[in-house]
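Before any questions on how it binds or moves, here is one chain, the form predicted on its own, in structure tokens.
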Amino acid sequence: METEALLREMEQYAQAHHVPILNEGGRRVFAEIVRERRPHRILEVGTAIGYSALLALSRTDEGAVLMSLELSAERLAVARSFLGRSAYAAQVTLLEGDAGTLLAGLAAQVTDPFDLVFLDAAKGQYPDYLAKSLPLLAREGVIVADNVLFRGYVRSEMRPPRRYRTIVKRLRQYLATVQAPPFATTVFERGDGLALTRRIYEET
């Protein structure tokens, strides 16, 4: 199926079934980052229905590969169905399980590092995902994290609702980490906040 038509179908499915995917502002920024970076190996934490996986593969160089981690078996089945209808089906590896556990295991299994890591799973786990993703990241690779401003609460002085306090606290921790050496981070405010992080290396 033609990629753009399939992406539109996935957007409609996500809206109808209340599945969180990149919103319009976020997807534009994400697509721009992928076009500019041209990653050959991509690691995604949080598959949902496979929307961002398809978007990434359709915006980078031909032959790129993507590995995606998802906790929900139900969502993974939907992702397999959608991605199986795409031109990129053979370029995607989907793994089911807890992302923190899977990331820790990948460190001992993956021999080729990833050029881009995309975080879009449990927001309260971003600091853990960051720590476990770094050993998997290529020297010049980048980490992109979605929803880092979380409905405006992360940068607001107002106290967030009780159910969001841990998430907001962890996202603030995440941003504090990636906005200080040895990292450099740009936060794009379109969408719900997309953070692009790279490592800084001292001149030798």
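From a predicted model like this one, the values you see are computed outputs, not experimental measurements. Counting begins at 1, following the sequence as shown.
Beyond the structure shown, there is the form predicted together with S-adenosyl-L-homocysteine, which is absent from this document and is the topic of what follows.
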Residue contact check: residue 48 to S-adenosyl-L-homocysteine in the predicted complex, 4.5 Å heavy atom
yes
Heavy atoms within 4.5 Å of S-adenosyl-L-homocysteine in the predicted complex: does residue 91 have any?
no
Although S-adenosyl-L-homocysteine is absent from this view, report whether residue 98 comes within 4.5 Å of it in the predicted complex, heavy atoms only.
yes
When the contact criterion is heavy atoms within 4.5 Å, does residue 71 count as touching S-adenosyl-L-homocysteine in the predicted complex?
yes
Exactly one listed stretch (150 to 158, 63 to 71, 134 to 142, 163 to 171) reaches within 4.5 angstroms of S-adenosyl-L-homocysteine in the predicted complex by non-hydrogen atoms, and it is 63 to 71
Establish, in the predicted complex, whether 21, 52 and 129 all lie within 4.5 Å of S-adenosyl-L-homocysteine, using non-hydrogen atoms for the distance.
yes
With the partner left out here, which residues of 104 to 129 have a non-hydrogen atom within 4.5 Å of S-adenosyl-L-homocysteine in the predicted complex?
118, 120, 121, 122, 129
